[in-house]
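Presented as structure tokens, the chain that follows is alone, the form predicted alone.
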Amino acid sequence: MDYQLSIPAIVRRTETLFGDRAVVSRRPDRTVGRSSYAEVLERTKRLGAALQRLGIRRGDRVATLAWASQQHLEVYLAVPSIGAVLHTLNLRLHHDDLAYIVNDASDRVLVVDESLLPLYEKFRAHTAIERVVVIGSSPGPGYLDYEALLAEADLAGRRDVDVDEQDAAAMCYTSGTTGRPKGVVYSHRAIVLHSFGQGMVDTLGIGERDTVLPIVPMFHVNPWGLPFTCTLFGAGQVFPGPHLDPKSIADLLVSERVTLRAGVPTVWLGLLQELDAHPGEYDLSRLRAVVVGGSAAPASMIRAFKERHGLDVVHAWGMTEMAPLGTLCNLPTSLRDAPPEVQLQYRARQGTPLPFVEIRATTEQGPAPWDGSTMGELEVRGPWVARQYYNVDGPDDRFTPDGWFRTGDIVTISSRGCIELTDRAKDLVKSGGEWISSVALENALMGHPKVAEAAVVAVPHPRWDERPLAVVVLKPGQSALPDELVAFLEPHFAKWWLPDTVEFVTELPRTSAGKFKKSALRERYRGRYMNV
């Protein structure tokens, strides 16, 4: 029973059982490439042999700076299979942060998309990367060509590596919104167990019959572990490349008969607008679920997908430190016959923990009861939850002595273990000593028929310490007054919860993961209430 849970074991299974299933990529020129798992895994072996020839050994870090593609999947599988560590770089970070991350991780080789070479050139001189492999047609002098590297690979000289399940397989860095980015390392065992947990029937239920399209970038938490899970269970995979506009996504969903898709709420809000604008144009009858994570999805969006397009939205929650999936919100048996509004209220929550993930919420007074109303900071532990950050010495109060990770998310937990995200601890509004949930106000505002997007932030106030301020993007062609939107909120919230004002903007700043960048909004409006 002492069997090693590892990426090579996943590869062997897929090669044996699912060689005919498809891997599809949309290239930068919008043409579509199509391969079988058998072809992908043959190329994976060649890539592993090529990296070994370049001197990559067990424990060495191989970085990627690339869009979602078949080639990126090949790197995902090849690097851990030779005992090295896959390190995905967030291409939306500032080049100074990228230089810091590359140096902190001691990356030796970089695999980069040709279109992203200008970004690499911005931090190249500040790193010690030894070799750069370019995915593209003309890498130029000083670079290695990805396809030529595979063509020249000597499979006979490839060395099998006895990978231990506790070895590092991959690593990602946090976005660094509150300081320098921090590295999180995932073991082979963690990734395999995460893949099992994610694929089970009562979670995402991923199987050989599925075709999965992650809109989550491949540089963002592996994207949610789906490349590994899909490979393990033989599900087809579809990669959108750099084309993430709503029409491109909708076209892929139809042409590839996608059954499951995953992404942040801002992506799905755009897709919803595309579907609404072209009713009947897109046949999504094969699509069984829309998985939403990264931040809480508005109930209005969940309702619209269900009522106007017959699609179920499944909330997921997780973090970089968790590989990343922690909870999932499937409708329980007890609510199958409940009224639609009751079902909607449940689906707007973030769900129950995956198998072997344990949860608790804590307050300044101690553990929060599971009563569905008491707010506390969510803490988690489990087999794919990190116990410390990479290259960080000494104690860190994010990790408790008894093995729990403090997430920084403020939640309530129902009696049956369903969590509801009320805010990030740093985004809560503390007005007159009482907490106000910015997430609740945002989601309600996005239910207004004229509102496309909304963010609520805490702004300093001379009397109340902080007060909420709403920043709103209206739908094209719409106009509204602040009082109109505040009046829309009044029936649903206590008066002291209501934003003191509403600011209208053409777009909201976003983080590298596509979430609203509230730190930028807090800075922009920090003096808004100081003269009241």
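The structure displayed is predicted, hence computed values, not measured ones. Just count from 1 along the sequence shown to find any residue number.
If you look for the form predicted together with a small molecule, you will not find it shown, but the lines that follow are about it.
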Of Lys426, Arg159, Lys122, Arg286, which residue is found within 4.5 angstroms of the small molecule in the predicted complex when only non-hydrogen atoms are counted? Lys426
Going by heavy atom distances of 4.5 angstroms or less, which of Glu321, Asp167, Glu453, Asp107 would be at the interface with the small molecule in the predicted complex? Glu321
Work out which of the listed stretches, 294-302, 227-235, 139-147, 361-369, brings a heavy atom within 4.5 angstroms of the small molecule in the predicted complex. 294-302
Might Thr407 be said to contact the small molecule in the predicted complex, defining contact as any heavy atom within 4.5 Å? yes
Taking heavy atoms only, is Thr88 within 4.5 angstroms of the small molecule in the predicted complex? no
Might Ala316 be said to contact the small molecule in the predicted complex, defining contact as any heavy atom within 4.5 Å? yes
4.5 angstroms heavy atom contact with the small molecule in the predicted complex for Lys182: no
